[in-house]
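One chain comes next, on its own, written out as structure tokens in the form predicted alone.
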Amino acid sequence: MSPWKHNRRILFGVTGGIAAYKAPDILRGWRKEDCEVEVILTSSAEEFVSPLALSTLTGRKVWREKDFLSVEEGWKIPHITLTEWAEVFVIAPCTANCLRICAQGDGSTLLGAAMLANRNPLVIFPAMNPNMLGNPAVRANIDKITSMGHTVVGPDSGMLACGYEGKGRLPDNSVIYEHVWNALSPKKDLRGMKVLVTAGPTHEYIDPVRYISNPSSGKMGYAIAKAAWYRGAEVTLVSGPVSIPRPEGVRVIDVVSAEQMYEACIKEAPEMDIIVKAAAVGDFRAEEEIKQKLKRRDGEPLTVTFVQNKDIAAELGRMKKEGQMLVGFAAETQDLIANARKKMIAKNLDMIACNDVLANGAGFASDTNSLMIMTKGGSEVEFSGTKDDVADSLLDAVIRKKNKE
């Protein structure tokens, strides 16, 4: 995990929905990253989760409604002191009543007063019955809160404690953490930009049950997409078939074949400021589309004729608009720099990231990577680390080049 995610100061508001019982587990995740957490617990939330349990996990006093006018620390007013201390304010779960309090600027409770005094990013996770969530008054409050610049993360769908099935569940902890890290990200240099990232392998089918592919896991492309979202970009990810979780906050277009990836990229590219081609796209496909499963032939060899797929990077380079940056990847096994530079020039790339897929700790399916970055007329820069770290370094290089143009 990136160093900036450690030792952060989080103000955690817990309101009186049934999902309040998840608060201790949410807390544990932050504490594992050595984050300091102060908790404001509403009176109704105390019916679902013990103040003592939360206090034990945080190692701190839990702030309750009776503490609104606390004088135990003299001049330190709780709702002012807490918000000045915190770096981010998170409310999970957030009830319909809490949404109203935030939208109307109601400071009659400790939590409401804290929201009024808060100058930090506010990240709200509504959780309630689907009928309540769909009520026009609730929707209007969410719209107003969003217009105020706060982040409201929509709930998940599923079976709710009230017996209804639909949208209203508190998202998984991983989703909550991702939105908090996004709010705390120290770099927002891609705000206002649209970024397209490709990731994963493609599957080129020979018959309905067999295909040719490569070992790409999609981890590098997914890390780039997540890093771009952290930095404020509106991110679209065109993903081949992978088994890793989708990055939060990112629009994902699922594809299977190189042809499908080509069509998606060509369609999306004109609106993009930055395109990062991190996918390991299949260069060839079977010439003949076989509709039925091929059977054994009593030892006879099978001959399949392959034809080249369309070159996505080359077409994006040809149609590149003014001011748009196109970044390619080159997975090589020999003559790394020469092959990568040749590819960069031939496909009109602004930058290329190349790596030796045979090297230890790099290449397909690894959690780490080592990249050499080259730009047109620029010097070569090499960096390595986890794929999250490498993704951030890659975007640093993209921003540096973009700022020079």
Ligand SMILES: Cc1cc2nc3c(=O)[nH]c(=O)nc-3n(C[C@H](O)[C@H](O)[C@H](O)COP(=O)(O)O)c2cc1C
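Residue numbers here begin at 1 and follow the sequence given. Given the structure is predicted, the values throughout are model-derived calculations rather than measurements.
The same protein also has a form predicted in complex with this ligand, omitted here; what follows describes it.
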The one residue among C98, V276, A199, A225 placing a heavy atom within 4.5 Å of this ligand in the predicted bound form is C98
Note: this ligand not shown here; in the predicted bound form, the stretch from 128 to 136, 287 to 295, 226 to 234, 80 to 88 having heavy atoms within 4.5 Å of it is 128 to 136
Original post:
Taking 4.5 angstroms as the cut-off for heavy atoms, does I18 touch this ligand in the predicted bound form?
Top reply: yes
With the partner left out of view, is T42 within 4.5 angstroms of this ligand in the predicted bound form by any non-hydrogen atom? yes
Query raised in the report: Is the gap between F68 and this ligand in the predicted bound form 4.5 Å or less for some heavy atom pair?
Result: no
